[in-house]
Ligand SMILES: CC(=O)[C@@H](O)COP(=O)(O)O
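Presented below, as structure tokens, is a lone chain in the form predicted on its own.
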């Protein structure tokens, strides 16, 4: 039996064929609706490619665009509450400063910078306690004890670790950083990391009052802001 195949050629009714032959547009053809957006303007340019498009469809498109505009506007103007610490109201704030004696030539300068900043921002001397520990490794445990005492609004941790010929540097740096972080998390009191970690003595001196400023002063300012934030906004 010979195989038969359905033809893919389409035939139009006689009256439609005559219309096409006369180059006229069929009245039942589908006309697309084009929406053009101008990114530099809030206006929407809507163009219809044929007068046969329904008015209801046009209104639906306009309403949909208006809804998108309202949602976009809401996301941009929704009010939020911002909480920040202040450095202007400090008289009632109390601070503890934990200082490592190791590399004392550096840590003393950092301490001086911190105390100068506290004084500049009107923190009373009676509200500052300085606690000395042997080295940066011991800072964390002392800071946690001070934080848990609930006597202080923030604890500033000062030390200096300078790289040597062995891996001891990495052990002390990691332990000091994690110790200060744990002290703050466990006590609920801001514990500020003010431990210098430098490759050599020149780098440390530059950051303890040299050409790179005094990191003790910078961390004291951080302690004031965090104490104010916790005391006035996050109690």
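Numbering follows the first chain given and starts at 1. Everything quoted here is computed from the prediction, not taken from an experiment.
There is also a form predicted together with this ligand; it is not shown, and the following applies to it.
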When the site C-alphas are superposed and this ligand is set in place as seen in the predicted bound form, is this chain open or blocked (3 or more ligand atoms within 2.4 angstroms of backbone or C-beta)? open
Taking this ligand in the predicted bound form as the reference, which of 106, 97, 161, 93 has a non-hydrogen atom within 4.5 Å? 161
Contact with this ligand in the predicted bound form for residue 102, defined as at least one heavy atom pair within 4.5 Å: yes or no? yes
So in the predicted bound form, does residue 200 come within 4.5 Å of this ligand, heavy atom to heavy atom? no
Any chance residue 165 has a heavy atom within 4.5 Å of this ligand in the predicted bound form? yes
Contacts with this ligand in the predicted bound form - residues in 168 to 199 whose heavy atoms fall within 4.5 Å: 168, 169, 172
